[in-house]
Ligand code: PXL
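First, one chain by itself in structure tokens, the form predicted on its own.
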């Protein structure tokens, strides 16, 4: 009898930067460590990510359909489709078509709607991009916006001092767009500047979960990519939503703490190499709460 390895496959649609632990340079090592076969569909190749002042950039928009066609010829199937940064409305259109072609009843579609942060859209994110990202969000099973992106997707003015009930309303409105599960990251804790939180809810469960973590005063690009990667792997492994939130939040906190003490360029991102083994160890204590 010939045995086949039971390794599940994830299509990861992100850009690839040679320097800086962002996008595919975070997605691939995290999900590979968690036991998945990551198949990258790169949207662009950069010398280094765009938070450096200068970088080279190769747009792969025209190559993406050729890669997708070849995958279809090979009869490839995916257990999950996970999307991140998109560089143009055309790329979002291509990805929407990819989801329609490769999605099955058992495929988990995770959309990280990268649009902005800290109350502002990124420089290349036009209103057309926001509108197209709404189209992509409608196709998600799991949607992981930060607070800025949540307000942008709903075309509502940004605010940081949200009550729990207001956050629940945001999640409910985003869920009405199509996703079963909505996870909002980077939520400030009112009156406690040393804390940050993540809040999430699934329509199929109807309970709202919150994880609160210490906030360290340092910015590391790629933490959002790392967070959603752990969420994706955790859910595919069969973890409940609150456990997935806990695993992802604790992993990011471990990564920041392992990096914070070094005098290094923050643009390089967190020291993933130091904390990847932690992905395969049990959670020692749960910090999630029902709200």
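Residue numbers count along the first chain shown, from 1. Since this is a predicted model, take the numbers as computed values, not measurements.
Not pictured, yet referred to below: the form predicted together with this ligand.
Of the candidate stretches 5-13, 276-284, 21-29, 263-271, only 21-29 has residues with heavy atoms within 4.5 Å of this ligand in the predicted complex. Proximity of residue 222 to this ligand in the predicted complex falls within the 4.5 Å heavy atom cutoff. Contact check for residue 50: a heavy atom falls within 4.5 Å of this ligand in the predicted complex.
Of the heavy atoms in residue 122, some are within 4.5 Å of this ligand in the predicted complex. This ligand is not shown here, and in the predicted complex it never comes within 4.5 Å of any heavy atom of residue 98. Judged against this ligand in the predicted complex with a 4.5 angstroms heavy atom cut-off, the residues 46, 85 and 114 are in contact without exception.
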